[in-house]
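A lone chain, given as structure tokens: the form predicted alone.
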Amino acid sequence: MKKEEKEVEKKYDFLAELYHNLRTKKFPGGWFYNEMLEMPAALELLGKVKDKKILDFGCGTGIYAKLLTKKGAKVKGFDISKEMIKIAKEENPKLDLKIGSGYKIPFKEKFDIVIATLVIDYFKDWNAVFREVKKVLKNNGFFIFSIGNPVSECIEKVIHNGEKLRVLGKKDYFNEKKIYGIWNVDGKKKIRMPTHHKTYETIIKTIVKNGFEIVDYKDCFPLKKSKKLFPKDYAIYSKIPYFCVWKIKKK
């Protein structure tokens, strides 16, 4: 296990129950950043999944795995965090869910689709991740992954004339480095969560270099119902592309 994975593993082991409860109990209709923003775009690019063999890369507490199983998919998954997998297995007792690394996927069989939602930007070496994904994809199989939008990662909050603004340009878009987002988990605990910023140029070249072709892409736009449920978040992220989803095919 590489250093960056250990850092993420430790934080998700700590967060696992809080994270799952936030998305399923505190907000049973769905938490803004996932169910209201990222998931609708990812599910649209997934399309019909009935009878498809799907690998849930970084499956977390099994929320996607459960949803895709209900839609008729044959799902397996893995995650770096033993505490997240523990919950995922409780939520999906019939599924094959394992502890494993994205640098060494713990499955050898071939899948129709690999889905990795808000996970691969935890990795520094995307070439190694894409090589692993390619090993477990059938020919013409799809890899669908969501990440923080590379542009929004460079936006900084500033106060101008008493007004809170989000400004692009103060942070260096071209500096591909580890960045930290501050997660306010329950109003008390704040977690510094690391991701690895990549430019669009690097992402596209990584896709092509590793034998994939781009099929589709979406900037994530919030569901309309979130305007009432999460008005502050909707006001911001209906103007700024916070996440994006890529659909690529193994050639």
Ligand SMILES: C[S@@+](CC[C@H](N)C(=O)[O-])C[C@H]1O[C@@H](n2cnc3c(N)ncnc32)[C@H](O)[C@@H]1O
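Residues carry their position along the shown sequence, with the first being 1. Not measured: the values here are computed from a predicted model.
A second form of this protein, the form predicted in complex with this ligand, is not displayed here; the remarks below concern that form.
**Student:** Any chance residue 92 has a heavy atom within 4.5 Å of this ligand in the model of the complex?
**Tutor:** Contact check for residue 92: no, nothing within 4.5 Å of this ligand in the model of the complex.
**Student:** Report yes if any heavy atom of residue 101 sits within 4.5 Å of a heavy atom of this ligand in the model of the complex; otherwise report no.
**Tutor:** Yes, residue 101 lies within 4.5 Å of this ligand in the model of the complex.
**Student:** In the model of the complex, does residue 58 have a heavy atom within 4.5 Å of this ligand?
**Tutor:** Yes.
**Student:** Can residue 154 be called a contact residue for this ligand in the model of the complex at 4.5 Å between heavy atoms?
**Tutor:** It does not: once this ligand is placed as it appears in the model of the complex, residue 154 has no heavy atom within 4.5 Å of it.
**Student:** Which single stretch, out of 69 to 77, 116 to 124, 171 to 179, 131 to 139, brings residue heavy atoms within 4.5 Å of this ligand in the model of the complex?
**Tutor:** After filtering at 4.5 Å, what remains is 116 to 124.
**Student:** Exactly one residue in 147, 144, 84, 97 has a non-hydrogen atom within 4.5 Å of this ligand in the model of the complex; which is it?
**Tutor:** Filtering the options by heavy-atom distance leaves 84.
**Student:** Just give me the residues of 1 to 26, first to last, that have a heavy atom within 4.5 Å of this ligand in the model of the complex.
**Tutor:** Stretch hits, in order: 5, 8, 12, 19, 23.
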